[in-house]
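We begin with a single chain expressed as structure tokens, specifically the form predicted alone.
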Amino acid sequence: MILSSARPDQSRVHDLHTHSTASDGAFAPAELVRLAAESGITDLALTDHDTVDGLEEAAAEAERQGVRLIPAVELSAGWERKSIHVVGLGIDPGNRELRSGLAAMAEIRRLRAGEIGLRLAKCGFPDCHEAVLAAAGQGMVTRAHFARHLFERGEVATVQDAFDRYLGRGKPAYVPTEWTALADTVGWIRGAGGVAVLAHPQRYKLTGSWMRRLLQQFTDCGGEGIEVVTGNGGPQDTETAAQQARRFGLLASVGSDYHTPEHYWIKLGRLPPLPDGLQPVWSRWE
């Protein structure tokens, strides 16, 4: 289901992985859509973490801007004790099963945020949890909110420094989280009429054999796509993901994973084209 659409033409620009203040992005959904339009994007997916709360606002602005909005979400999943992200594109945001799953994810994130706050307090940073909740408002709280808070109060040199010193895996405020199983996550997306896409595969730093195991299980449970071109990926990452798409018969997606202008190296819609010989994921709705 596409919430809004633009006049079709032969030179569409896709960015199918972005975030707003509904999760951990810097811009409200409508503002993100305006920025996307100014950047020349014709097809935008808003993929907030474990929530679809920003889609209605984004859809209204997309209609005004002549941008085709792809209703979407980025879900956290557990696989072999690892955290994997799956983007669901073209979902029905009102699907009952998906909504139930998102409610469960919200509770997981609520409990995790409280524990992160307790651990940061033990590190000498009291009241972080309360400050982060106030800053997030109605948005889904993520580790990025805590990192940004520590940076803004001058406790770390950069947002990344907060992850490197406190919030990253193995650091004092890191909270291991048991996410929903990969098969269930993919099932929610498919049940909502969407296409399940493995997000930013290079980020998991898996060996070739482990990545093949992940992709085999992903496709076995109904996963249909993989992000081939990403905001953080280099040419070698793109070629590796393209090979994986061909090997497993996956649709190819592109996404900047845009969060904030602070990540100056990631630009909305500024992505190279897909390599030849791949079927783009947008062939599903065009």
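All values reported here derive from a predicted model rather than from experimental measurement. Start at 1 with the first residue shown and count on from there.
Not pictured, yet referred to below: the form predicted in complex with ligand AMP.
S.K.: Want to guess which of 118-126, 90-98, 183-191, 105-113 is within 4.5 Å of ligand AMP in the predicted bound form, heavy atoms only?
M.R.: The contacting stretch is 105-113.
S.K.: Which residue, Val156, Val132, Val86, Ala144, has a heavy atom that falls within 4.5 Å of ligand AMP in the predicted bound form?
M.R.: Only one listed residue qualifies here, and that residue is Ala144.
S.K.: Taking heavy atoms only, is Arg203 within 4.5 angstroms of ligand AMP in the predicted bound form?
M.R.: Taking the distances in the predicted bound form, the answer for Arg203 is yes, it comes within 4.5 Å of ligand AMP.
S.K.: In the predicted bound form, is there a heavy atom of ligand AMP that lies within 4.5 Å of any heavy atom of Gln216, even though the partner is absent here?
M.R.: Gln216 lies outside the contact set for ligand AMP.
S.K.: Given that the partner is absent here, does Phe163 sit within 4.5 Å of ligand AMP in the predicted bound form, heavy atoms only?
M.R.: Flag for Phe163 set to yes.
S.K.: With the partner left out of view, is Arg68 within 4.5 angstroms of ligand AMP in the predicted bound form by any non-hydrogen atom?
M.R.: Answer no; every heavy atom of Arg68 is more than 4.5 Å from ligand AMP in the predicted bound form.
S.K.: Out of 249-272, which residues reach within 4.5 Å of ligand AMP in the predicted bound form, heavy atoms considered?
M.R.: Stretch hits: a single one, His259.
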